[in-house]
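Just one chain is shown here, as structure tokens, and it is the form predicted alone.
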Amino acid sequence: MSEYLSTEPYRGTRDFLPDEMSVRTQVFHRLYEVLERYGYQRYDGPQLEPVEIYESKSSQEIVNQQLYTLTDHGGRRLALRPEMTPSVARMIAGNAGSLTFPVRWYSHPNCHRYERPQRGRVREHWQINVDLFGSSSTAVEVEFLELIHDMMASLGASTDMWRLRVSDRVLLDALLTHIVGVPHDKVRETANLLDRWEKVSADTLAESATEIGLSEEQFARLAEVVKDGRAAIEELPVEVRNQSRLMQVLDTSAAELIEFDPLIVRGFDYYTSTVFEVFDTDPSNRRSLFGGGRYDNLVGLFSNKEIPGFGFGMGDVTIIDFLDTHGLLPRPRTDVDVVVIPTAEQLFDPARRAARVLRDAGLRVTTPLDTRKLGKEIQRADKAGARAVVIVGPDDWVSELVTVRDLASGEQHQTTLHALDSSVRAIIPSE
């Protein structure tokens, strides 16, 4: 060939070599363990879904700009999933008759969005999706707040490294209409303005407010609501506050787990009340890490059953960036523990038997595939990160003995296959 194909992945996607994959696996398994301690069960679903399930409730930005779509041979319009929540709502609706509610599920799907690649944003990402279906109790909100704190703690993050900022669509709508005086038909646009509040300049915000139709007085009042935060809620009618599940949470000890913030809007149309986002506090990475909220009507796209839901998606890009920013990424675990070296071709079968003993004991073991000089193989084992080598030599094997060498100290001794595990474990303590 005169020209070779590019070795680069498609723009916005990533290759994960073993070191990086090891780090990712360790991070995600810590999160899995927390979720399963709370009783969440893992599920999965298809990457391809009908376009309609996103057109109905996802944000217009996703639908109009970010969907990867195709038409199959039957003329059906399909999309690579940009998020998991519509899929899990479909699955819950389709299996509602056989499920025992409340249902606690989690998944770890890869999702696709056509975005401009930049820090924190790529075109293919993985996210841990966590959802609870079948309860309208404020105990759901409290469980999720505690769950998030435990998940972040499992990654080694202290509470000064991140903030859990929470709002409520019910309270936000009331703040905009009752306090700011926004007409009902302008609430959506004004909420979108709030969503951009910390991302653009004050002049840009003022211009956007004018375009929406807000007066200077209304814009000034909107800024006061943003500044006052929870204090602004006290100006709302009692009946409005009573409709808010978040208001009930704020009246409990769980209030210490969160910070009320009217700037938390979230773009998805399916959220009906509580919404939240987790933010990094480090100035070099001051951005949203993940978020979610309550969606009481999403299952209604697929069924006449009323099944309230609450959930969030934690993306891999932002959470790995967060851990890197704070020096919390685990060390890669791609090293082998032991290399079993036969010194002659006729000793490959005894070496295989020795490797089987160690693998059955839970150690990571390799054996050479070709015979080389012993010194070269020991150098290769050391480079591979092995803590010990097991040498199978012709003279020793006559008595069914092998030699165990500690690569750190250089000390070595002979042992039998029966005692091989304990001999190696003396060099390599279990983790």
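The structure displayed is predicted, hence computed values, not measured ones. Start at 1 and count along the sequence shown; that's the residue number.
Below, we refer to the form predicted in complex with another copy of the chain, which is not included among the displayed structures.
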Is residue 112 close to another copy of the chain in the predicted complex, meaning a heavy atom pair under 4.5 Å apart or at it? yes
Any non-hydrogen atom of residue 401 within 4.5 angstroms of another copy of the chain in the predicted complex: no
Residue 412 within 4.5 Å of another copy of the chain in the predicted complex, heavy atoms: no
Give a yes or no for residue 11: in the predicted complex, does one of its heavy atoms lie within 4.5 Å of a heavy atom belonging to another copy of the chain? yes
Decide yes or no: are 116, 239 and 242 jointly within 4.5 Å of another copy of the chain in the predicted complex, with each residue judged by its heavy atoms? no
Looking at 177 to 185, 249 to 257, 210 to 218, 161 to 169, which one sits within 4.5 Å of another copy of the chain in the predicted complex if you count heavy atoms only? 249 to 257
Select from the listed residues 288, 192, 135, 297 the one whose heavy atoms reach within 4.5 Å of another copy of the chain in the predicted complex. 135
Note that another copy of the chain is not shown here; using its position in the predicted complex, name the residues of 130 to 145 with a heavy atom within 4.5 Å of it, in sequence order. 132, 135, 137, 139, 140, 142, 143
